[in-house]
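Below sits a lone chain in structure tokens, taken as the form predicted alone.
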Amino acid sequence: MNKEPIVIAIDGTSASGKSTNARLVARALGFVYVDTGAMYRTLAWHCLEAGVNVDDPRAVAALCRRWQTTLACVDRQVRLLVDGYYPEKEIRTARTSEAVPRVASVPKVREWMKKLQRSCLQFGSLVMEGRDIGSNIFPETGFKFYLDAALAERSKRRASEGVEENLAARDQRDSQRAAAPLMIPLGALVINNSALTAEQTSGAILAEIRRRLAEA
């Protein structure tokens, strides 16, 4: 493969299978997996722990500037540590999930996250999933994918995880925010996986990646 690190950008709507498929693709290629959503969740959790009002953009941005964080790569997965701690379970609670869209919409937060996420290249070739990877974080990559599925199917997936979330409202917030809104990146391969298994979806992504690598 390339000597230069490669970035596979996997964007998409909530419950479109980004995490599952990004993990499968990373494992198949031997790349490092980056869940950018977990980074925003970590900030949301930290805001709640610190008693910061997540509806106050200035307060959230101020906390983001001063919190003590480091990146670590554990088992080929990048983690954002706060004071050396990774809140793996805490960031998946309903309380944290509810706060995430609020902190993620703050422009200064997204600026900070962009620098952090681009610095993940220090760990080598990446499979990075999120909502603005191909459009904002690594727009220069030649490997962009956008996953989507019917709203009813995505809602069913969330329910099977025991999570109640208004996905239509989340989609609207993500696509209408001023800073790095959710959109289909230029040049991305769009995959609607409403009727596909994770293996079929990741298989389609891998086939396209290998085709492009062979051409290069």
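Residue numbers here begin at 1 and follow the sequence given. This is a predicted model, so every value here is computed, not measured.
There is another form of this protein, the form predicted in complex with ligand DC, and it is not shown here; the text below is about that form.
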item	value
Stretch from 48-56, 169-177, 22-30, 146-154 whose residues place a heavy atom within 4.5 Å of ligand DC in the predicted complex	169-177
Non-hydrogen atom within 4.5 angstroms of ligand DC in the predicted complex for each of Arg65, Arg79 and Lys108	no
Partner contact for Lys114 in the predicted complex: ligand DC, 4.5 angstroms, heavy atom	no
Contact label in the predicted complex: Pro101 to ligand DC, heavy atom within 4.5 Å	yes
Ile133: touches ligand DC in the predicted complex, heavy atom cutoff 4.5 angstroms	yes
Stretch 65-97: residues contacting ligand DC in the predicted complex, 4.5 Å heavy atom cut-off	Arg92
